[in-house]
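Before any questions on how it binds or moves, here is one chain, the form predicted on its own, in structure tokens.
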Amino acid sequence: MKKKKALITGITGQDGSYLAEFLLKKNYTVHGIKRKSSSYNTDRIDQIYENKKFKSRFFLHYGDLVDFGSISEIIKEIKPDEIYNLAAQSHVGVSFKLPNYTTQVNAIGTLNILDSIKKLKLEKKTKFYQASTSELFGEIQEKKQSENTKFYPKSPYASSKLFAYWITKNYRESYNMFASNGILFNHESPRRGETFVTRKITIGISKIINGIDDCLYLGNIYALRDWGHAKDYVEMCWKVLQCNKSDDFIIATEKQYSVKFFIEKCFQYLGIKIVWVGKGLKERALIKKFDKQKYPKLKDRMVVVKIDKKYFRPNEVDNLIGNSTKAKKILNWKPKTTIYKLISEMMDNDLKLFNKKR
């Protein structure tokens, strides 16, 4: 049986690295696109090069989503069976500061891939997956967001992803292209970028434990999110392209937790009890109970979490939870990792990381 060829944009990111490993285990030949940089940023995929079984089927190409020529040339050379567009400027807060760049990468970048498939006449060969986002829903219209929920983006990031979502549907309907959207709700892992709130929490706590920092500063700790594990979600991305026809799917756990809950459970996993005092911008978390021999850097009543208004977004999305009934029914998929398992993986990873740096 002929090996399938997959092309992954954003391969050096959290999702890209997990997806590359997943596809290689399924005997794919995997090609990835990375931007030319003066520094190495391949730490998430270095283990693939070190794996003798994968090395001969794994290739990287320099390219940039905003450069139609480079993207088109790569697709022309590879002629992939599947393209997974995971590259993005994906930080919501950053998108308010860099709206133009965010739009170029997320919106025009997606269009460049779709138009390359069309102009190279690969519509019948190449299947396209667009990584969409729960941020499309923004201002909540329904208790649980499904494929039929109206969109109401509340950030430049979400707005750019809305274009990408609709242009994917447009090319599907206009040119009979296999082009699908996976609307992913929040998904985390030890490979999550350090500026995202869950990783910021696990890193911040690890630094406090090791005496590197005294306190963790956060914004809206009452935001509610539907958190899953990235490793589970990339399997769903693959399943979306194995369907008989292209379609759009919600990828979510259907369980919801606050940022505050995530903080508490991270400390609890370490055997540390915290207590919250104050309200609004003056709310903070203090150490209430801990093992003094195990954690000599901590102190009784030590303030470990404070609220800082600079971490609030100009336009907050307070409440997201997905309805993944369609994916469960059609794709026979369900998440495998609980929030508690996710927290333990992330905490263990970052504790080891900062133990090494001491």
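Because the structure is a prediction, the values reported are computed rather than measured. Residue indices: 1-based, along the sequence shown.
The same protein has a further form, the form predicted together with a small molecule, not shown here; the description that follows concerns it.
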Legend entry - Contact segment among 305-313, 52-60, 289-297, 324-332, judged by heavy atoms lying within 4.5 Å of the small molecule in the predicted complex: 305-313
Inset, instruction - May I ask whether Q141, L162 and D248 each come within 4.5 Å of the small molecule in the predicted complex, counting any non-hydrogen atom? - result: no
Inset, instruction - Considering only heavy atoms, tell me if I48 and the small molecule come within 4.5 Å of each other in the predicted complex. - result: no
Legend entry - Touches the small molecule in the predicted complex: N220 (any heavy atom, 4.5 Å): yes
Inset, instruction - Consider W276 of the chain shown here, and say whether it contacts the small molecule in the predicted complex, taking contact as heavy atoms within 4.5 Å. - result: no
Legend entry - Exercise: Y157 in contact with the small molecule in the predicted complex, heavy atom 4.5 Å: yes
Inset, instruction - Identify which of V197, I272, M177, A107 has a heavy atom within 4.5 Å of the small molecule in the predicted complex; exactly one of them does. - result: V197
Legend entry - Contact residue in the predicted complex, from T149, S72, T103, N186 (heavy atom within 4.5 Å of the small molecule): N186
